[in-house]
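Below you will find one chain, with nothing else, as structure tokens; this is the form predicted alone, and questions on how it binds or moves follow later.
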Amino acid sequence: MGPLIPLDIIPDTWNNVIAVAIGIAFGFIMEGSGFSSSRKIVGLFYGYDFTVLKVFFTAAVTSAIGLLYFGYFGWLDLSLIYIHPTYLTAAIVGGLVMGIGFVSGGYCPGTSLIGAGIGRIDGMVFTVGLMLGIFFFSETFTWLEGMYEGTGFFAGDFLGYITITEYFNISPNIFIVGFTIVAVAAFYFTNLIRKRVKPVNY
């Protein structure tokens, strides 16, 4: 992670202070948006609240368009952005574990900490489960190492440092236009569904 503010404006030591301030602001906004409520978060899967879908779509579309424009104007070298490597089996298994935990508990790791931070018991329980999961993973890592690192039986799972546009050989501009259209359509249809569903108290 690079400096949050250029070093010729403030000393490098202030970056940690700024990072904490941004983290507090982020948590405040998330809590104010209702993301400390497991009912609101899991509402996406049960069809009565689509705030999570809208937030994720908005974040993805905004950041994608922003990065393209930053690259176009020369403000950012897109070739220097780190691309996380793709390990197919690990991604599928991790997605299933995350998804099952998300649906059953109503929290993701970040929102569980927000819930715990304001005193929600379910958030505290979920956070304890998160810590136990980390401990279990570390203790069984020798068994899971092949899948995690794409070696041995899972050697063919490593797809490299690749993006969706590279994998399907399409233009990033076309992909983002299509993705934006999908997001707008999702907003429209989820609003129609929300009007027909009985509101849920949080």
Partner chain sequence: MSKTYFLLGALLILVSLGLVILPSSENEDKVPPEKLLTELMSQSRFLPPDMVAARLIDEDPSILLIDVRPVEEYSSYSLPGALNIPLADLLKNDWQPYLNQNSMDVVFFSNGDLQADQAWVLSTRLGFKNLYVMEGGLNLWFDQIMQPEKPPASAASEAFDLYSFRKGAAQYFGGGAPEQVSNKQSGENIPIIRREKKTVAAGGC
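Numbering follows the first chain given and starts at 1. No experiment lies behind these values; they were computed from the predicted model shown.
Note that the form predicted in complex with the partner chain isn't included here; everything after this is about it.
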property	result
Full three-residue contact with the partner chain in the predicted bound form, heavy atom 4.5 Å, for G74, Y188 and K195	yes
Partner proximity in the predicted bound form: V177 to the partner chain, non-hydrogen atom cutoff 4.5 Å	yes
Touches the partner chain in the predicted bound form: V184 (any heavy atom, 4.5 Å)	yes
Partner contact for I65 in the predicted bound form: the partner chain, 4.5 angstroms, heavy atom	yes
Exercise: N173 in contact with the partner chain in the predicted bound form, heavy atom 4.5 Å	yes
Which of 150 to 158, 41 to 49, 131 to 139, 65 to 73 sits within 4.5 Å of the partner chain in the predicted bound form, heavy atom basis	65 to 73
Single option in M30, L144, L53, V61 placed near the partner chain in the predicted bound form, where near means a heavy atom within 4.5 Å	V61
